[in-house]
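The data below hold one chain only, encoded as structure tokens and taken in the form predicted on its own.
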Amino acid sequence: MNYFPKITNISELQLIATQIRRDIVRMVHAVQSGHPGGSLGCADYFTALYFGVMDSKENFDMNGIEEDVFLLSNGHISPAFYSTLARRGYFPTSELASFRKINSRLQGHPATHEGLEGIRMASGSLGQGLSAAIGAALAKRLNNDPHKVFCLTGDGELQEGQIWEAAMFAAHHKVDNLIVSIDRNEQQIDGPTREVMSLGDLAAKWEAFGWQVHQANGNDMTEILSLLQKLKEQTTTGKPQVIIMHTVMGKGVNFMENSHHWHGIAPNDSQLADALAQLQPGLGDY
């Protein structure tokens, strides 16, 4: 099996994450449309997962047999996902310039009908990704495939009832080859999650639903890489795994950090210049 080589050097991974952040702000600025805040906050997670943890085949196919599989539930943070896939070699980085343009494969929310390498499900309707990830994990069990299924959700997304139906199902069926991460930035489009609809004690809730719960700083590369590696290598536990991943919305761009206002608006020209000045160094822009 021909897998992408893994990177474990923290400085190298941090450099990749910075470039992904540069890609994000440039992509969103170019079309004055998109979701920079959550994308910036999850850049470290995507970098650690795709470059340091997952067994991913160099030749992409939709079935994902004999490799780890990732499904994005909070599809609006597609800029981070697209940049990660391009930087990992799934498609040319030059294609990032087509983000959200007419006839582009890089739509505002990931879609499958254009055959974009690395995308296994259309996402954007919040609450659905966990259900799909459970299905993928059960398929791996049926195929005697020992690889893991990873899924990322937003924290505001946990206000959707389907999430909790899926959580109950996964625990009941002991789907222990599933590793879910929650982007716990405490912000959503209308304001802080505590004001829109408080999520309460998330750890206690997931534990009550029968999951094994972990907490991590999702913007600390060493910490999130180590935890993801540990859970990937973990054998049968009988419980699905969830990481409450504490992140900063807009991480890396000081005027975006911790502000729900940057959930879904684009920087202007001067703001882009400011952001790129803060996001140094990079690997080379597309």
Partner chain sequence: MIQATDFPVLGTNDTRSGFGDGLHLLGKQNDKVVALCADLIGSLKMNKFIADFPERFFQCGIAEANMMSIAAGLTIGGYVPFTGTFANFSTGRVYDQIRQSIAYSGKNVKICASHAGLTLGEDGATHQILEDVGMMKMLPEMTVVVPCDYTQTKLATLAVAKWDGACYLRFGRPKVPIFTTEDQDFTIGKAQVLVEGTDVSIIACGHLVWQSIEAARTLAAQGISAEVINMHTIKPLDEAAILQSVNKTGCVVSAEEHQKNGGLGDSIAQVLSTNAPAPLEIVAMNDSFGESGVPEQLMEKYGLTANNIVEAALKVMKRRKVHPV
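Positions refer to the first chain, counted from 1. Since the structure is predicted, the reported quantities are computational estimates derived from the model, not experimental observations.
Unshown form predicted together with the partner chain; subsequent notes refer to it.
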Judged by heavy atoms and a 4.5 Å cut-off, are 112, 131 and 173 together in contact with the partner chain in the model of the complex? yes
Residue 143, heavy atom within 4.5 angstroms of the partner chain in the model of the complex: yes
Does any heavy atom of residue 65 come within 4.5 Å of a heavy atom of the partner chain in the model of the complex? yes
Counting only non-hydrogen atoms and a 4.5 angstroms cut-off, does residue 93 reach the partner chain in the model of the complex? no
Closest heavy atom of residue 162 to the partner chain in the model of the complex, within 4.5 Å or not? yes
Could you tell me which of 122-130, 206-214, 94-102, 180-188 sits within 4.5 Å of the partner chain in the model of the complex, going by non-hydrogen atoms? 122-130
Just one of 138, 202, 116, 196 has a heavy atom within 4.5 Å of the partner chain in the model of the complex. Which one? 138
